[in-house]
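Next up: a single chain in structure tokens, the form predicted on its own.
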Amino acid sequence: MDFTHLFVELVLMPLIAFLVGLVMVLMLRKVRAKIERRIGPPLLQPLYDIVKLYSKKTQVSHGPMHEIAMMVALGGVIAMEVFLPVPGLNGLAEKGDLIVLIYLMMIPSLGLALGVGACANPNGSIGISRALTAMVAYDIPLMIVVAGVALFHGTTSLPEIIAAQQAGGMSTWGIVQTPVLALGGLIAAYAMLGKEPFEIYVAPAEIATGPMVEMSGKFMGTLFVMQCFQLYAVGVLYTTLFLGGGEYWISFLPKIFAVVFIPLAMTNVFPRYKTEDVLKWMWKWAGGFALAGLALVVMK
């Protein structure tokens, strides 16, 4: 691959991720509105929100670390996108592997922790401590799932994992061949989104929005953009590991939207768990399915 082609891919992949993520945000708001018997936001509302946030004056900045940490968090989610192969675009997926991607997925939370740590607000500190606890809760099952997928396919290369699943149609998809691993991975992936019932670090009725309490203007806009990238990344990662990836966008997009839509639509009516409940639930169910799936792969 020549440099020009790679440069175009490195620009296109985050741009596509951002645009698709905006649509996912709109979809989630519409779904919640329907459940609550509301009309919901207009089509371009997520875009209006970003423009509004970045156009507002940033009321508080807690120094260079606050600024740098937010750039680190945003840079982490953008870096994730160029390691996720999509139809027609591989980016750096052939030069990195699944292990590199998993490490990159931890950077946004750590960057956010550095930024919030520069603030003196206790609500922010409580919120970020909960966010890091949640990361520990879902990262352990996720790493077990990744190990199971790598052992099953004999590689950590995402393009090779996709090729192996596309070799025989739906019968060779990961969700068919390793259904227990796929179930554990789905639960862990859903917890990564930080939505109900795993929304422990925001908790507006308890800790006044947690990490977002000191975020205004461009900082809040950055968090909104990060959410768009995160929704897309989770959908693409799960589709890549268990739904055969996608040869064409027309078949790929419905898969990644379904990965995000189905669990969120089901759990919008559930209350938020306590922090200790998230740990117990994730390690019991997501971790249990992940370990069982790994054992089945090893025994084959």
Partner chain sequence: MNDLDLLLLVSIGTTAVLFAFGTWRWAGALGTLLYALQLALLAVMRPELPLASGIGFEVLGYRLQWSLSGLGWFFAIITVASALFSAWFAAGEWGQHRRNLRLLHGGLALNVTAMLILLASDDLISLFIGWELVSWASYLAMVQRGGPAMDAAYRYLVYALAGALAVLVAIAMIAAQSPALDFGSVRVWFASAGNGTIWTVMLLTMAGFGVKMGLLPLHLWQPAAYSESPGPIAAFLGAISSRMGLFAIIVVLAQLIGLERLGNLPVAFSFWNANEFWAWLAALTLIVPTFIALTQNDARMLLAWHGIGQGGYMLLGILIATPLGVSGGLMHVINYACYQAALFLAVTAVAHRTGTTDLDHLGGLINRMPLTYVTMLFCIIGLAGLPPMNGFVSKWMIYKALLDAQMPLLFVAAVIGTLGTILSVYKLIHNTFLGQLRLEHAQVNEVPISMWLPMILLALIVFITGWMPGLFLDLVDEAVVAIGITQLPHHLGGVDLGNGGLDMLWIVGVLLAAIGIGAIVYFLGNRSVRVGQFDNYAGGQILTADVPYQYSHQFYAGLLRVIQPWMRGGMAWGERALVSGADFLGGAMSGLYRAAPAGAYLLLAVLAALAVTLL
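Numbering follows the first chain given and starts at 1. No experiment lies behind these values; they were computed from the predicted model shown.
The next section is about a form of this same protein that is not shown, the form predicted together with the partner chain.
Considering the partner chain in the predicted bound form, the lone stretch of 177-185, 164-172, 137-145, 190-198 in range is 137-145 [heavy atom distance within 4.5 Å]. Proximity of Trp283 to the partner chain in the predicted bound form: non-hydrogen atoms within 4.5 Å are present. Residue contact check for Gly76: one or more of its heavy atoms lie within 4.5 Å of the partner chain in the predicted bound form. Using a 4.5 angstroms limit between non-hydrogen atoms, Gly88 is distant from the partner chain in the predicted bound form. Contact check for Leu237: no non-hydrogen atom falls within 4.5 Å of the partner chain in the predicted bound form. Along 120-137, a non-hydrogen atom within 4.5 Å of the partner chain in the predicted bound form is carried by Ala120, Asn121, Pro122, Asn123, Ser125, Ile126, Ile128, Ser129, Leu132, Thr133, Met135, Val136, in order along the sequence.
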